[in-house]
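Next up: a single chain in structure tokens, the form predicted alone.
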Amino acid sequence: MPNSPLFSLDDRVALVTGGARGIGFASAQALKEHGAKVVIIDINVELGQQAAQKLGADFIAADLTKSDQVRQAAGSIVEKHGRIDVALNNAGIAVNVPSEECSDEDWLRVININLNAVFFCCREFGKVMLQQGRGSIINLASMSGVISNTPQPQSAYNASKAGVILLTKSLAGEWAKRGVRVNSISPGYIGTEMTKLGMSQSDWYQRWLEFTPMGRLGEPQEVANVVVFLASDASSYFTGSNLLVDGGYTAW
């Protein structure tokens, strides 16, 4: 990351949902390294506390599909730190099942965590930022919100991430003149725990690499670098953007 004051996050308060591991943890670490006071929010108490301790960050346990818990988390952060400058809404899940076999429960679980919870977070953290007149919201979408993946079936995941991208654009348009920027990041195949489960399917993994011009998986840090950019003043004219970090997958 460039050594420039534009990328400095000194004294800014940044929260990361799903920050216990993967892209969330790498992003929390990168935000911390650039000077931010970091708060990790995760449903997994044990992993969340370990991650926070490792980074010297705060930890809040919350089920983000419960809007009252999101509201309480926002209140707790403001009570301790006085503000929220950056909100990375990263928590998400995937279910790989043929659509004709997808149960109501699986569909709703994916939509609740990947889309409804993102809206709850944008709404509650956004209220704080709107009152401040300044803030950056970053939503973790996916290239799966732009294309339909092959060979794995995951219509619920794809639909949820497409929803995140348009939610991001909608909020950006509403809040731009009030000082709050809202952008999304759409990673391709990144070497996280969730992706590694798919990698165990050798036919899937081979297709992923064949369809990616760079011929490799991305690393969580490569997404975290983009998070820092969108969190910082270096991206001051960015809002409503969806940045693809996919090794060229969507170029073909």
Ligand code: NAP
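Just so it is clear, the structure is predicted and the values come from calculations on it, not from any experiment. Heads up: residue numbers just count along the shown sequence, starting at 1.
Quick note: we don't show the form predicted together with this ligand, though the next part is all about it.
Between this ligand and the residues E219, E33, D63, D68, the one pair within 4.5 Å by heavy atoms in the model of the complex involves D63. Only one segment in the set 88-96, 168-176, 130-138, 73-81 has residues whose heavy atoms sit within 4.5 Å of this ligand in the model of the complex; it is 88-96. Put simply, D203 is far from this ligand in the model of the complex: not one heavy atom of it is within 4.5 Å. Contact between Q29 and this ligand in the model of the complex is not found at the 4.5 Å heavy atom cutoff. In the model of the complex, none of the heavy atoms of L209 sits within 4.5 Å of a heavy atom of this ligand.
By the criterion of a heavy atom within 4.5 Å, R181 is excluded from the residues contacting this ligand in the model of the complex.
Contacts to this ligand in the model of the complex (heavy atom within 4.5 Å) from stretch 12-27: G18, A20, R21, G22, I23, G24.
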